[in-house]
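Next comes just one chain, in structure tokens: the form predicted on its own.
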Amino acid sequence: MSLTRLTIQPLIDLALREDIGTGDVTTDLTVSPAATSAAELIAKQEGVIAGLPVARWVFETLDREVQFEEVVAEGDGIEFEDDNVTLKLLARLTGRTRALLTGERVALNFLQRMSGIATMTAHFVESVSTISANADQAASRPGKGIRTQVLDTRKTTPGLRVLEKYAVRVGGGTNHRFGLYDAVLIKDNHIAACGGIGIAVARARASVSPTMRIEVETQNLRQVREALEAGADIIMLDNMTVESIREAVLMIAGKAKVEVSGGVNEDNIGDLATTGVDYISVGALTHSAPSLDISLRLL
């Protein structure tokens, strides 16, 4: 998933209208319309940077002639190598002072939020990668270790899903379905509404394109067996214990992809990855990631 100005501009316009309203009274009253300034975007916390193009588009919306020079690249990891260094330069800007000051908060809101998501995602992906590397080292055939992918969910900020799922990808994660329209995911309420897993899968299979995979959410081994017998392409193991997940993976035996969901955190994702599942979905990537500490400094 990549970002395009055409797709993101309506979100920027909405955010600017929300913040500016009838006008930036403070800036308009104190800063000359003719004034120009230079500024820097600086990170005050280590993490993975995502959202630099969005920040640039915010300032370009307010000043078409603004100059925005990226010092780091999208997806770069920010580290403070020296204990005495607590700031990291991300970008340099020059343009009308009013535009820089008026756009500051909206640009930072996007950049901080997206970088926070990318940073949390990178931590989860690194946890799985470490487990995988250890498994490869212990395996008789290196390269045959864990290949679990970290997925996001639809637990996103309303209206900002495209940005938040993009940030997950920048952090090394994989996008699950984007919305209700691009994949079949039969959950517990669907099963209850139509009377069983077999019926739900059969109804879906009769109507969808052969290329669209059908996923079923299960909560116990009995339901796993039902989903397997119904021909589900992906079986989600929701809030199961590690022991039950291992049993389910043995039962499924490669006849369907296996996803784990529910209660995943950085402390348990390593154990979950060792069960042999294909995917681990983590709602926290988008609903609980803290924003990265980034500021704009006028020079």
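Heads up: residue numbers just count along the shown sequence, starting at 1. Take the two forms, find the largest set of C-alpha atoms that superpose within 1.5 Å, and that set is the rigid core. Since we're looking at a predicted model, the values are computed, not measured.
The same protein also has a form predicted in complex with another copy of the chain, omitted here; what follows describes it.
- Using a 4.5 Å heavy atom cutoff, Arg113, Arg205 and Ser288 all lie near another copy of the chain in the model of the complex.
- In summary, the region of this chain contacting another copy of the chain in the model of the complex, judged by heavy atoms within 4.5 Å and restricted to 240-248, 264-272, 26-34, 66-74, corresponds to 26-34.
- Using a 4.5 Å cutoff between non-hydrogen atoms, Phe178 counts as a contact of another copy of the chain in the model of the complex.
- Of the heavy atoms in Thr130, none are within 4.5 Å of another copy of the chain in the model of the complex.
- Residue contact with another copy of the chain in the model of the complex: Leu151 places a heavy atom within 4.5 Å of it.
- With a 4.5 Å cutoff on heavy atoms, Ile234 counts as touching another copy of the chain in the model of the complex.
- Looking at 90-124, the residues that come within 4.5 Å of another copy of the chain in the model of the complex, counting any heavy atom, are Arg98, Leu101, Thr102, Arg105, Asn109, Phe110, Arg113.
- With the core held fixed, Ser207 shows a CA shift below 2 Å between the shown form and the other one.
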